[in-house]
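A lone chain, given as structure tokens: the form predicted on its own.
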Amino acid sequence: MLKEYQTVASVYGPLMLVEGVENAKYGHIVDIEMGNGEIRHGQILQVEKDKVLVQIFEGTSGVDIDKSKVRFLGKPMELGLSPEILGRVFTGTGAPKDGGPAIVPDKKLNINGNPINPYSRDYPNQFIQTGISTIDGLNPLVRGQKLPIFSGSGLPHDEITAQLARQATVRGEGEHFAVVFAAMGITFEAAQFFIDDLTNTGAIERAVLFINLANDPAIERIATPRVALTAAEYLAFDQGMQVLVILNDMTNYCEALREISAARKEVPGRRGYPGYLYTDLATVYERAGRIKGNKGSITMVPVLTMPEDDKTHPVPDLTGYITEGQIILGRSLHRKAVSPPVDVLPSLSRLKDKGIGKGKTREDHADLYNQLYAAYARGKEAQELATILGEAALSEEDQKYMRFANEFEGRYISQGYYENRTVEQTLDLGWELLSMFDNAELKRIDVKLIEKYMPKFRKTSI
């Protein structure tokens, strides 16, 4: 029988202190019955002897200390799962939000998950096609990878994440692909944009959405990514699917962590964030990966907005340590109406060499992205020189590289949010752009590859 306590000592922020409690355990869930009969839900955050600190998901507004009753349910927070979750929209804690029926679960899983044994991890080495040239061509995403998108206020990270959710797919026969989308602290308009976009394009049928709005309790934001990853683990490791998890926006998640830490009167770390921010982020990010002997995989794309575009801010800084690279959105490209405005030069996929090449994408992929990167870097230098000295002061060679950079931004980087390019189309476009240079200038590409692929583009040189 569940024990019920009417010994609430105090309430502050989203937290409630209950005294005289027996056998309480960290992470277990509780029900709080208000004086008016309303039921709220919470989770044990800290246990010290007979005192228990509970975080309440719906917030503590209107709680009457004398009349409230707390029931300890003796189990962690769980999510009911079945294949029927595909095509559905849920709240940040997993309750249906789309007006559909409740899920009849095949199984229930603890939302905190279990860390993957490092010995059991399989190395990410299989290509995922996103249809976005700057990712597929220059920073390939592979199954089991964690590749965050670093954005800034006002930049179109919502559009690029919706494009990823619509277009991402795995190559090969008999592969089942799913997208788990977790939104944390976003506006109602942004949430509706994602739902409408996926619904109108039919991509909702292979997607699961967990939505925590900006006006929802901040405490719920802490559970949202864990709920989403629990659904992803079920689809990947129980159903054998290739799952892409998009977490948008992790900065809002960290702000919620900071709010709870302040309510607990913890000693703050950098910029007021808790000292355990790195550890907490790792418990989220490290749930991505592949397991030996299991054909399913979880690939993760966390999205985070950098306050004042500051890469040294604790959230992007710590995320960079845990994940395998970053896709950075550039404000200068956005001003030029380049979409998606992916800043190629500072972006990086640390596992890009593992998922490309013959049998995965194409044999010329690695040499081609090295040459494109080098030519664009030189072209950007020429653009900066032209800004200072004027275009007429540039050498003929610098002018050629500047023209290349302009073409590269206008045709390769900029493709719009609804153009879905195959990796072969992306690679061919790269060859076409490089055809303005003589073969002798293509020093990063094997001569045999130039002889094989370049001739058909020389005829249609830009």
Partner chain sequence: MSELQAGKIVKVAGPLVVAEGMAGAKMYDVVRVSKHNLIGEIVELHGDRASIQVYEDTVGIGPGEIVINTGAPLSVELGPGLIESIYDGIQRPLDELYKSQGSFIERGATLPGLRRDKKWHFVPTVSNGTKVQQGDIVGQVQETTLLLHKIMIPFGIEGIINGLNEGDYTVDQVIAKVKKQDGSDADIMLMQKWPVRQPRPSAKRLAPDKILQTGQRVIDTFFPIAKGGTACVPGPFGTGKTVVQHQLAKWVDADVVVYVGCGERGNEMTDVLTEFPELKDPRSGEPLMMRSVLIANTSDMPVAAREASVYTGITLAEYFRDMGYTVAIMADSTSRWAEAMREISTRLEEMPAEEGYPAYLGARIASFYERSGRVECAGSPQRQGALSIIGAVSPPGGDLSDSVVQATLHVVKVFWSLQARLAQQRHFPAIDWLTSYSFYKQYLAGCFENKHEADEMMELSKVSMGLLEKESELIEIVRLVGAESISAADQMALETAKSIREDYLHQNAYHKVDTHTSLDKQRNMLGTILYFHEKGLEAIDKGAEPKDIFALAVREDIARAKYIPEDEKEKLNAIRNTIDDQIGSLYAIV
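Just so you know, these numbers come straight off a predicted model, no measurement behind them. Numbering follows the first chain given and starts at 1.
One more form of this protein, predicted in complex with its partner chain, exists but is not displayed; see below.
- Within 4.5 Å of some heavy atom of its partner chain in the predicted complex lies at least one heavy atom of Gln46.
- Looking at Glu255, you'd find every heavy atom of it more than 4.5 angstroms from its partner chain in the predicted complex.
- Using a 4.5 angstroms threshold between heavy atoms, Arg40 stays clear of its partner chain in the predicted complex.
- For the chain shown alone, Pro76 is a contact residue for its partner chain in the predicted complex, at least one non-hydrogen atom being within 4.5 angstroms.
- In short, of 358 to 366, 83 to 91, 239 to 247, 114 to 122 it is 114 to 122 that has heavy atoms within 4.5 Å of its partner chain in the predicted complex.
- Three-residue candidate spot Gly144, Gly275 and Tyr373; every residue lies within 4.5 angstroms of its partner chain in the predicted complex by at least one non-hydrogen atom.
- For the options Glu259, Asp317, Asp196, Asp309, the one in contact with its partner chain in the predicted complex, meaning a heavy atom within 4.5 Å, is Asp317.
- With the partner removed from view, the residue among Pro346, Gly99, Gly172, Gly202 that has a non-hydrogen atom within 4.5 Å of its partner chain in the predicted complex turns out to be Pro346.
- Along 322 to 342, these residues reach a heavy atom to within 4.5 Å of its partner chain in the predicted complex: Ile322, Thr323, Glu324, Gln326.
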